[in-house]
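Just the one chain here, the form predicted on its own, laid out as structure tokens.
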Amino acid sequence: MRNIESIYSTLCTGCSACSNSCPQNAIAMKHNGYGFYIPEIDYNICIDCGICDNVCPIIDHKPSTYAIWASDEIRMQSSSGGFFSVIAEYVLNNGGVVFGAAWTTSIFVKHTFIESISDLDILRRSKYVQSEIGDSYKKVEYFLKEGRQVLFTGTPCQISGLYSMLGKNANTSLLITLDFVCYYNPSIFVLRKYLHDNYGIENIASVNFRTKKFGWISAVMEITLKNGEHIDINDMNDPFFLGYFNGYYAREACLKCKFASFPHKSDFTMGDFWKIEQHDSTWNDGLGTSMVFANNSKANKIINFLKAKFKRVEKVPFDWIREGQHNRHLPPQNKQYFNHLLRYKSFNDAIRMAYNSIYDVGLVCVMNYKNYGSAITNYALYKIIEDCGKSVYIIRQPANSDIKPTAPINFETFNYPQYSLAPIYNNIEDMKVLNNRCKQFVVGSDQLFNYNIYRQISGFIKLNWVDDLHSKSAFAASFGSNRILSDIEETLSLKNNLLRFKHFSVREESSISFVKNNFDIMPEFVLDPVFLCDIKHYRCLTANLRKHNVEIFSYILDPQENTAVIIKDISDRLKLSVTAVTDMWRDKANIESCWNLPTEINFSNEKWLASLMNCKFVIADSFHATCFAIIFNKPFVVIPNKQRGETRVLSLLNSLDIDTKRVLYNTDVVNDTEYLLNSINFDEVNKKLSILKERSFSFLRKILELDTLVR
């Protein structure tokens, strides 16, 4: 009985696709008792090809499913039940050609073809990496035109690629295609990295997956060294298999595979018939059972023809297939984290850290403070630590803070990978779990110790939630003031916690004595992180804004009318137009209430940075705008802002021996065009900056416990 007959009384629509497609004209459309058309099969001429079932638009087109054993000898040489070997021998005995994946002597995997049964073993067994196709499709086409039968084995996507290359009008009557249940297709690079880091790739003679030394199991690999030593791996927790079965090696296309579900384009699909013993215990004797899907009538005919070649073959219910054996499981977020780690960690360390979600550094910072300098400082410190070969976990303030934690704001694109962001915890107590995720903790820069900010972020930067087994450090800390703003009790709490820090540094020389006198620790002076970040990261961040050119870039945190007068005066004298920007939280109404200077709003972090990078002159009352003017060697002036950065700017200029006449206490300098544009000797400034950068990197090396600093 055909499947189309099983839907007569319920689902058949009488569309007549079955009768029109039958090659034997064995199906006629007849009226049922209600006058509706239904198919009637003449079994005297039906050849049981199954085309009618395949073309029916109602039937759920599941392929015929077989459990198969080849001979015991073949099964011992195969990954599962030996089906491939039997059908390959059939083709080779017909004078045909068999294509499949084979190891090269240099431990790569490439598609090749064989014409002799004596070569069959090179194509047997799983490879667990993507095979290089090379010109195999062209060779298939050549052999078919020569009138030779061809068996081509590969992944479902490779089979689809072959058919697409051959074209719809190709004569494929001599072509047999065989794909396999493909979990996903790892890169050969991953396997070679594993082999290199653990055994030395130059020492390896061969790799053999799915050897049956330990029986019919999946996580098995035999590595043979050139000295003749055999290394047998039979452990799901081996680094390679741990990453493989957790999906760490999947490419993006494999996560959205178009070929994972039925119907397959191949004639056959094969795989291991895992857990078949749950349905029939006699099918698992420890040597392996092939699960074979016959995807069309040609495949069914071949299996029927080859029945005598199998030790055992049985058509079984499709429902016997184990859950998950024919679909994709999306890998966790840790896949991306593993790929990131693999760039600078050993293979085993990358697997271990990704699997256990362990990070080298927990970077404690506030990412949603509405300030351009703060945003770029966080970005810079993240990149610096990452460039040092350390993985970074970004830790934000708890949810019960007055300043609520969010993702980084005001970036045009999301510039932090998801795996780098720790979840938001409800309170300080909940954050203690981070002791199990990070090897050490570093408090980021900008004014996180400024009490006006500190009190609004639950004081989480004092790291009272970190245990004493973990190193705690602060890099380029800033208190925003050289006087105590908190009450005695909170000041004492901060002091007691800072005494637990292993390393503490400040970004203003003027803060050294302040910290020493008030907290009994002797900090080191280091540059703000924006100076230490490789300029390539700034170029990358602004890559889409290379034509974003401005003449004078004016960044004023606190706009006032008298400030606007100075900016306009400089613009007139330099004969350059002004692009004015203020703090990102200000809206149009607020800005217009402060001054009458045309001002940009909704300015992104990238545009802010690109403006400083590409402009001809900088006017700022901001510490970080001044920093970037120096980094990009732009002439600048500073309009002093006593509340928000004056002491930091003066400390910076003094450190670099830059004339403080640029701080406009006396606006007479505005009249001196030559001084404005040409008085900074950036060659000398860059030399001094280089010395300070080396000192700062030396301190960072101590924090990160590095013998040398990779930059």
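Remember, it's a predicted structure, so these values are computed and weren't measured experimentally. Position 1 is the first residue in the sequence shown; the rest follow in order.
One more form of this protein, predicted together with a small molecule, exists but is not displayed; see below.
In the model of the complex, none of the heavy atoms of Gly362 sits within 4.5 Å of a heavy atom of the small molecule.
For the chain shown alone, Ala101 is a contact residue for the small molecule in the model of the complex, at least one non-hydrogen atom being within 4.5 angstroms. Proximity of Asn641 to the small molecule in the model of the complex falls outside the 4.5 Å heavy atom cutoff. Proximity of Val181 to the small molecule in the model of the complex falls within the 4.5 Å heavy atom cutoff. Only one of 306 to 314, 390 to 398, 570 to 578, 149 to 157 lies within 4.5 Å of the small molecule in the model of the complex by heavy atoms, and it is 149 to 157. Distance criterion of 4.5 Å from any heavy atom to the small molecule in the model of the complex singles out Phe84 from the list Phe84, Tyr379, Tyr249, Trp465. The contact residue chosen from Lys335, Lys298, Arg192, Arg124 relative to the small molecule in the model of the complex is Arg124, the criterion being a non-hydrogen atom within 4.5 angstroms.
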